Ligand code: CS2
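Taking the form predicted on its own, here's one chain by itself in structure tokens.
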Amino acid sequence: MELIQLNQVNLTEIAKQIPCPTYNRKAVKTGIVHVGVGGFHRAHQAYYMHQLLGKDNALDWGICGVGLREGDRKMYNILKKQDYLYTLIVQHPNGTVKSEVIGAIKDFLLAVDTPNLVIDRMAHQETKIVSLTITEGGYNFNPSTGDFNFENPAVQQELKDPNQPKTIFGFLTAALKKRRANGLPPFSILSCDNIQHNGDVARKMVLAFAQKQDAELANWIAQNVHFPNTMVDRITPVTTLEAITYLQDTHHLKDEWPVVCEPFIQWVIEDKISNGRPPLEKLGVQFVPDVSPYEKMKIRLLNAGHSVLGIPGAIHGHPTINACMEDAVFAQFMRQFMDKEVSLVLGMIEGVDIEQYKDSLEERFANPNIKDSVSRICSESSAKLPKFLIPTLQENLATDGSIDYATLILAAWCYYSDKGINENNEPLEIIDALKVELYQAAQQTTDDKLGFIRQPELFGDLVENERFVEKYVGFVELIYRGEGIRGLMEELI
């Protein structure tokens, strides 16, 4: 049977196989401009909007995607070819697979080609929200001080020429300036990235940039623009050829970039949005006065838990997170890290059973159909560990709590950054903006056991803490002596 190309014209035919949009996509308005259209956005925010458009006929809440980088061109080309449609493949732990065509994205703009169109779209009166999934690195702050990095060449260039923005900050300020000039209310800026207090961070960075560019505009933004904090959750591994082939073999559907995800989904939003918001509470989204406890729970348990499996998993040679969970030593190590080092620093969280949440994480990580690669989990660890893992370690140092599990992970990260191969002598795929700096610091370990953690922008003042240093040096010596990482984990549990 001939493959059916995924596009608007073929939806009637595709709908005989899998669910497709039932709403009139032509009538949908663009209420949201989303910057950073990747797998997670398409499995999470766009999925929620798709449900809303179909269920509530809330046609004001379509999405226009924006890619800021040249690296977004592939996504742009494929989505444009497919009329901005894509397939969401939900993989259940029991092997059940449910696929659905998602239609919430109406348009996609590539900022490197048409910066003015992006500014105009954000400045349009229909746009109520500009949402972001630009990764931790996209916020352009110094990890140690938390201050905006004005040394960034792209930032320096757009400060000189505000009409040619390069970063998210240049685009947001240009669009807000235009809205103010046109007498329009501002849009809300909704960060959906895995950063604690993500809205507060976005606000601080935008205001720092705006103050340097136009102090009057910065004051207007400070008084009028809302930056709600959010907590988002859905495990979404990188799309593989296997997913594309699955749709072809099972549904005769040609989708060049589907998305695979788990069934679990969660979104908690600080109820502080100006200029209108979609009625997402109808879909189970929580609007709360304070997102902080939920953020902290997710970042310290789920995100850190991923790294606690991924870094030693990469060294040992486990290819995926579910493979780590199939190894009883890794599974127990991760659970004990959560029980002994994280739970105690979280406190009570309204409406959440922490033990139940940890149980659910074990089930989600072990999902044999997700196959989340350890290389994805380990990618950009320099942006993740200072936010996900090290704060827990610091809190336990302050209260004389357990630090064994987190410290072993940092020692393993040093070895991982230094050697570039796993224990089977296979090369590691190390993806990190600070890859060179991490390697150079780890290389010092031969002469200086503390060389790797003498990076205050990543580790703060851990090198000054005697209890941590003693534990860290002990683990580093054992790992570099050739003691297998799995054996060290087993000793701890």
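Residue numbers run from 1 along the displayed sequence. Keep in mind it's a predicted model, so treat the numbers as computed, not measured.
Keep in mind the form predicted together with D-mannonic acid is missing from the figure; the text below concerns it.
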| property | result |
| --- | --- |
| Contact flag, F40 vs D-mannonic acid in the predicted complex, heavy atom cut 4.5 Å | yes |
| Partner proximity in the predicted complex: V232 to D-mannonic acid, non-hydrogen atom cutoff 4.5 Å | yes |
| Non-hydrogen atom contact R300 with D-mannonic acid in the predicted complex at 4.5 angstroms | no |
| 4.5 Å heavy atom contact, K384 and D-mannonic acid in the predicted complex | yes |
| Which of 165 to 173, 182 to 190, 83 to 91, 300 to 308 sits within 4.5 Å of D-mannonic acid in the predicted complex, heavy atom basis | 300 to 308 |
| Interface residue in the predicted complex among N194, Q213, S99, T127, criterion: non-hydrogen atom within 4.5 angstroms of D-mannonic acid | N194 |
| Contact residue in the predicted complex, chosen from R376, K340, H226, K178 - any heavy atom within 4.5 Å of D-mannonic acid | R376 |
| Within 4.5 Å of D-mannonic acid in the predicted complex: residues from 93 to 108 (heavy atom criterion) | none |
